[in-house]
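Starting off, we have a lone chain in the form predicted alone, written out as structure tokens.
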């Protein structure tokens, strides 16, 4: 572990990606295969391979207490160290004492991590973590804590680890990346690379792939400027979800790759009848059922027209995100909730079917496969596209009590050949209560985890940012006793550091604030009395009227009248916006004066 820690120090010391890759490759070649496989996972910032469901369940508060206990430092001294280093791992490396003979191998550490993950009681976890931190050197402790908190922050993404594996063992980088995507385990991928067996990598079901992402556009004209054949869909106000179907088992995963099946127990039966194993991409939305569940209509393959729009009706429609929030994160869903807040899975892509990975095939071909899949007895009313993008099926509800039945919707797809038609589709989508439009290139492949110009999203609203909560404060008046005032940040250009950009206290419900208060108390890094710095893991969508330059925050900007639009549990902290996004918003505004602290 000492050699890995020194390697991490060297990686952190350079900003050059090629040099980082070279350092990792040389380290891996110096290790045994077992050591290298475990190290590859650790260097990706994880305690366990991506496909595994194991988690350490060790919070920042527990780690803070143990570091203080082992180091013998006072709370004041530890707080000062944190203010200096800004990272709990770095604090551990700074305050713990060097003892002769301290060390732990990466393979041993991997085994202990599994013991910690399976330990059910906090006392047992605490004892195991204490044992680890007393057996290693301060430098090792620094990176062990970083791995445990999922906050390695040495400028090394998993994609660079994959490149290093390719470099170390003489494999094409694309082959390593594809194998890693399929098996969901960079350590297993390394073993395949060592043995020259990358081509043998098979899709591991119930391991979520990365989601293809869309780029925002500002106008209908821009939406038609990137490719000649746009497929146009409504942009639904739900949560992105990936459905894995295999052997009659169905599981749903969020964008953060967490399983969310238990929150939507009515949905698995809807997909369990698919004729082949498959992975579908779509959106889970709160759904308003049509008056007659047997009603079926279709959208034909034609440019936008009033007639085509009329044929889109009868599918039922999505309800606001606030309705869906009633279902999020619940381990048990009552029959009342099933009745009052029914949901549907709106499928719009297929990544894998019948033993074939489809992501390299163009969207028009994937759409045909999806049309063939989403039909049959469990999907009554689906007509299929018969090879043409645009002709769509309907809700697939079975003939049982409608309020208790989940459904699958094949997302209606339109075509638009002019900005006027795209504007009309946009207005119609918003009239149906949806956020806007998705505009997709029919010739595009599916790029997991990447954002490009093949998928575009068209929304019109007040500017918003996805931000990470870095600190919280107790409220006033009726909010005394709860943490309701949130300081939030965006990433710097390299996504190595969070830069505070604002503070908001309005937008969440009392129930949400109470739930988040509990979470923040359990994930406090530094208790400053009325204010707490917290683990940077909670993502918010924040709206604001405009943005001004300001010396109040590290980012150099301040938001005017910020308010919380929603919690984004479907997004990881790494997916929050960067300072470039903030600069872009600022640049698009009419030039204004610099904002002083007194103006906020």
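Just so we're clear, the structure is a prediction, and the values are computed from it rather than from any experiment. Residue numbers count along the first chain shown, from 1.
Just so it is clear, the following notes concern the form predicted in complex with adenosine monophosphate, a form of the same protein that is not shown.
- Task: Work out which of 130, 361, 114, 459 lies within 4.5 Å of adenosine monophosphate in the predicted bound form, going by heavy atoms.
- Result: By the 4.5 Å criterion, the partner-contacting residue is 459.
- Please pick, from 135, 415, 240, 191, the one residue with any non-hydrogen atom lying within 4.5 angstroms of adenosine monophosphate in the predicted bound form. After the contact test, the surviving option is 240.
- Task: Using a 4.5 Å heavy atom cut-off, indicate which stretch of 42-50, 564-572, 63-71, 22-30 touches adenosine monophosphate in the predicted bound form.
- Result: Answer to the contact question: 564-572.
- Message: Can you tell me if residue 235 lies within 4.5 angstroms of adenosine monophosphate in the predicted bound form, counting non-hydrogen atoms only?
- Response: It does: once adenosine monophosphate is placed as it appears in the predicted bound form, residue 235 has a heavy atom within 4.5 Å of it.
- Query: So in the predicted bound form, does residue 204 come within 4.5 Å of adenosine monophosphate, heavy atom to heavy atom?
  - Reply: Looking in the predicted bound form, residue contacts with adenosine monophosphate do not include residue 204, since no heavy atom lies within 4.5 Å.
- Message: Please determine whether residue 455 contacts adenosine monophosphate in the predicted bound form, using a 4.5 Å cut-off between heavy atoms.
- Response: Yes, residue 455 lies within 4.5 Å of adenosine monophosphate in the predicted bound form.
- Closest heavy atom of residue 438 to adenosine monophosphate in the predicted bound form, within 4.5 Å or not? Yes.
- Task: May I ask you to list the residues of 331-358 that have any heavy atom within 4.5 angstroms of adenosine monophosphate in the predicted bound form, in sequence order?
- Result: Residue within 4.5 Å: 348 only.
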